[in-house]
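Okay, so here's just one chain, in structure tokens, the form predicted on its own.
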């Protein structure tokens, strides 16, 4: 049986600002019920892609579908099923926090009042406070309340924890986002762009690495940890004297050697054992480490990196 229709489908997407390409031939597919992350440097095309998905920008080439629908043609039908938190939320300045929440709720056929009260308490937001007096982090918290209380099928988050202090950020990621997915019988989907990869580590099911507006790697999180391995060895002599195959990510510190391997590490382990190491071990990489390796420029022939 074929896979069900993806929640997000992007094919050959192009978008340029004043002749400068932001997204170039991007292909992306997000499955229902998981957390899919977009990783990439600043300017990699993450925010532009999200804006094209939300019909905030019109794709100049290519195809965008959410739930099988064109967001430019079926905008209302699509936006009923999604919620979006941008990296810099803005609200009507004359409203209070409570009035803003009521305004956002008025557009939604479904609104979880209990979750609203719980999030206001968690974030210690005063409903009587004017939104103009809120800090950037508090505006993000208000936007998160507006996004989570409708309990949408798809939650689109562009740097959602930007401006939050570390304690609130950790609670939001582990408790709020986790509870959002758990309450949906496996049908709720998250598409998140973040540079705080380590903090989202336990929630990400699949990720796409963008570079120069293109997709250069899409992998399931577990598959990525299996593919990218770290080998550590300690020797009786300086590690810089150890000969290794060309093109590996390697780092030498005194008598210790650390090597990143893609795929089967058995050949490298056999070669290192021939050098009679005092200690030798392997482990999987974190998603942040995988991003740093995958996004690094290729090493020249014969070089270590």
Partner chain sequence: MTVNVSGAETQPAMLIELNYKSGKPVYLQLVDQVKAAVASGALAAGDPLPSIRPLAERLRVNRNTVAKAYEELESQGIIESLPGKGSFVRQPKSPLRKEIRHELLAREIDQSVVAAHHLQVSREDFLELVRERYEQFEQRRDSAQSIQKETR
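Here, rigid core means the biggest group of C-alpha atoms that superpose within 1.5 Å across both forms. Predicted, not measured: the structure shown is a model, and the values here were computed from it. Numbering follows the first chain given and starts at 1.
Absent from the display: the form predicted together with the partner chain. The rest refers to it.
Enquirer: Give a yes/no on whether residue 35 approaches the partner chain to within 4.5 Å in the predicted complex, heavy atoms considered.
Expert: Yes, residue 35 sits close enough to the partner chain in the predicted complex that at least one of its heavy atoms falls within 4.5 Å.
Enquirer: If you check in the predicted complex, is residue 289 within 4.5 Å of the partner chain, heavy atoms only?
Expert: Within the cut-off, so yes.
Enquirer: Is there a heavy atom of residue 170 lying 4.5 Å or less from a heavy atom of the partner chain in the predicted complex?
Expert: Flag for residue 170 set to yes.
Enquirer: Quick one: is residue 222 in contact with the partner chain in the predicted complex, heavy atoms, 4.5 Å cut-off?
Expert: Within the cut-off, so yes.
Enquirer: Given a 4.5 Å cut-off on heavy atoms, tell me which of 222-230, 134-142, 151-159, 92-100 is the interface stretch with the partner chain in the predicted complex.
Expert: It is the stretch 222-230.
Enquirer: Taking a heavy atom within 4.5 Å as contact, would all three of 238, 241 and 243 count as contacting the partner chain in the predicted complex?
Expert: No, the candidate spot makes no contact with the partner chain.
Enquirer: Here the chain is shown alone; which of 205, 211, 116, 74 has a heavy atom within 4.5 Å of the partner chain in the predicted complex?
Expert: Looking at the other structure, the residue within range turns out to be 205.
Enquirer: Which of these residues, 177, 83, 78, 192, gets a heavy atom within 4.5 Å of the partner chain in the predicted complex?
Expert: The option sitting close enough to the partner is 177.
Enquirer: Between 85-115 and the partner chain in the predicted complex, list the residues on our side with a heavy atom within 4.5 Å.
Expert: Read in sequence order, no residue approaches the partner chain (within 4.5 Å, in the predicted complex).
Enquirer: Tell me, please, whether between this form and the one not shown the C-alpha of residue 258 is shifted by 2 Å or more, with the rigid core used for superposition.
Expert: Yes, because once the rigid core is superposed, the C-alpha of residue 258 moves 2 Å or more between this form and the one not shown.
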